[in-house]
Ligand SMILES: Cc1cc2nc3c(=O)[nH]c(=O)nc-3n(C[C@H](O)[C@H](O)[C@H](O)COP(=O)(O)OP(=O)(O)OC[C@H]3O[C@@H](n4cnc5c(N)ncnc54)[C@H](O)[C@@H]3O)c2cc1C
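So this first bit is one chain, no partners, the form predicted alone, shown in structure tokens.
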Amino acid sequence: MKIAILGGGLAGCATAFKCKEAGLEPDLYEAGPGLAGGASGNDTGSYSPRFSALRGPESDFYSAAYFLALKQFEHFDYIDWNPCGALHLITDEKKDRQLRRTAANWGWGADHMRLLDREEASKVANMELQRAALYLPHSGTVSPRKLCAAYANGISSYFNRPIDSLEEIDADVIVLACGPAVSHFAPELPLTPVRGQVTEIRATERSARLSCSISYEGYVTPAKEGVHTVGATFQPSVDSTLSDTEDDLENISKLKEALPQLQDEFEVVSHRAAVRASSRDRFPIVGPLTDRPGLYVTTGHGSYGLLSTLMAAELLADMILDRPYCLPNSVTKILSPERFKPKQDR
């Protein structure tokens, strides 16, 4: 069975990895000159599941994705994996209600998720914090760019190969994993480009003490080789990848607001803007396009692709091989592209 995967970012590379793991021989096609040229090309990314107050298919997906990714990260070298933990600050009453209900309803043990008061959170961060937080001890950081390389190791990859028509590809199965460009092949899917910019700043004496990731209306990672990653801006329906110094100022301003003790003058080392794909309901789109036999899609991962793309890849491998699914029907149903069709057309 010939498998062709369009897109050399996290979605495509993870899908190729899982297909190869299942005994298939995938080919990876990338329009650019190398892997991770788009939103998956950041040097450092912070990973945590997308939280919801209640337990349901969405939380079940992100829970499964989180633990699958943790298991996989352990087996890769050279991806800069740092399971340093993550504190999700409780910044207002709405966030307080959501995260407390998350901790109560998701069913994770205290060794994986627990609420901390301000003093406890400060000890974890190795820095005085002003707020309580939801703590995930096994969250942390990884290099998306290096993770793509690890997934694609040993995969037949073809670069500088933009595909205008699927008729150009000789394959039994085609997987669309090219982010916002999926719209070119499946315009019926409600995808929106979302521009985000991350900023790398030089650590100061105070900020270098930070020992875990901190999430707020943005995030900051512990210093790696003396540099923090701070992000990220969120601009729906913007597809420019030009970096903007105003976005650096926004990222640093949010950092200082969340961690008021860090009123340092931060030196911007570098910045990077990229465009992700987001679906109308902000949940990934994974599965077959049923009106086109042999055509599958994995897109709409937004800012959670470090976790969600691997779980989606496992599911796609199940579907392609017609083996029992790794996720329950309630989850595969809400991931399916079919969810956007009028009920009478499903």
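Note that residue numbering begins at 1 and tracks the sequence as displayed. Bear in mind the structure is a predicted one, so any value in this text is a computation, not a measurement.
This protein has a second form, the form predicted in complex with the ligand, left out of what is shown; the following refers to that one.
- Of the heavy atoms in W106, none are within 4.5 Å of the ligand in the predicted complex.
- None of the heavy atoms of P190 is located within 4.5 Å of the ligand in the predicted complex.
- Among heavy atoms of P57, none comes within 4.5 Å of the ligand in the predicted complex.
- Interface residue remark: A317 is not counted as part of the site for the ligand in the predicted complex, having no heavy atom within 4.5 Å.
- Partner proximity in the predicted complex, defined as non-hydrogen atoms within 4.5 angstroms of the ligand, places exactly one of 128-136, 263-271, 179-187, 74-82 at the interface: 179-187.
- Every member of the trio P162, Q197 and G305 reaches the ligand in the predicted complex with some non-hydrogen atom inside 4.5 Å.
- A single residue from the set S63, S52, S279, N42 has any heavy atom within 4.5 angstroms of the ligand in the predicted complex; that residue is N42.
- Counting a residue when any of its non-hydrogen atoms is within 4.5 Å of the ligand in the predicted complex, the hits in 22-43 run Y29, E30, A31, G32, G37, G38, A39, S40, N42.
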